[in-house]
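Single chain ahead, by itself, as structure tokens, in the form predicted on its own.
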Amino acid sequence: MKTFNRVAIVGGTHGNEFSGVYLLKKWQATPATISRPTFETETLFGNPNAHRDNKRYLDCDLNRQFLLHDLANPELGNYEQSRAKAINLQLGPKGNARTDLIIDLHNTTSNMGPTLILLKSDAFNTQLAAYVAERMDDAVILFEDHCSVEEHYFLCSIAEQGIIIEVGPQPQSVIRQDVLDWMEEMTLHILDFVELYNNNNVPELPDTISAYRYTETLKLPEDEKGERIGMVHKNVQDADFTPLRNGDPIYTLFDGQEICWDGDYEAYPHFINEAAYYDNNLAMSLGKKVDIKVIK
């Protein structure tokens, strides 16, 4: 079993997602809160200039800049691309990182509650998911393990183990106490688990856990010119992780026509009507509900 020596907590990867930024400030003032005996914990402010300007990003989405070939491309030199290269040097380099685990803190405008997003379904991640789920009744477990960590473009993919905490609903550039509390609680549970894992002292866990697995992303209705012509249906809005079945209304066009879900599986929408995704006319992500085997 590989132990964890260095853990990094990143906040403010998107400058207008405030919970992680203010938690970093709190923990930097009280470092004992995130300190554990068997590993070093460091904090990193992902995108300080975007936060200064109260924007998600200045030039491009920082959390989409961590593909290996992009990190190695000197021609990619705008602010976020340069910031990604600097973060990779500090926490990485990707593929041979000095950091064993990265916990990246995010807010969403969607009604997702405290969601733990995992990029792998190996022993560490499945045990972590079970540990957190047993201690947080509201916790949602979401696996985005559809590709290898190397193929992910997320900041947390720099490390061999990367985790995203995604908590909402919270408007951009706003702080909500319930959302902040959820984020802090989940982070501290993760740090506690890593300590137990290092000490080979993980408590008895269930054999399986209920979770969701990402399948696809849907766009908002568009015309032939790419102009938006509709919106998320009111029955779907705010109903993250509620089942969507073939024939259920999913969009309402501006002329009043309803568009129904035409899918061959029971889908669980999330990131529904996420404000940040309007840049690309994205409506929501879909997943399947699954029972994940806890690897011991």
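Since the structure is predicted, the reported quantities are computational estimates derived from the model, not experimental observations. Residue numbers run from 1 along the displayed sequence.
Omitted from view is the form predicted in complex with another copy of the chain, to which the following refers.
Residue T109 is the only one of T187, T109, N198, Q127 with a heavy atom lying within 4.5 Å of another copy of the chain in the model of the complex. For the candidate set E266, D70, D238, E40, a heavy atom within 4.5 Å of another copy of the chain in the model of the complex is found for exactly one residue, namely D238. Not displayed here, another copy of the chain is approached by K25 to within 4.5 Å at the level of heavy atoms in the model of the complex. Though the partner is left out of this view, R176 does reach within 4.5 Å of another copy of the chain in the model of the complex, counting heavy atoms only. At least one heavy atom of L180 is located within 4.5 Å of another copy of the chain in the model of the complex.
Another copy of the chain is not shown here, and in the model of the complex it never comes within 4.5 Å of any heavy atom of R64. Considering another copy of the chain in the model of the complex, the lone stretch of 167-175, 209-217, 87-95, 144-152 in range is 167-175 [heavy atom distance within 4.5 Å].
Along 224-244, these residues reach a heavy atom to within 4.5 Å of another copy of the chain in the model of the complex: E227, R228, M231, V232, H233, K234, Q237, D238.
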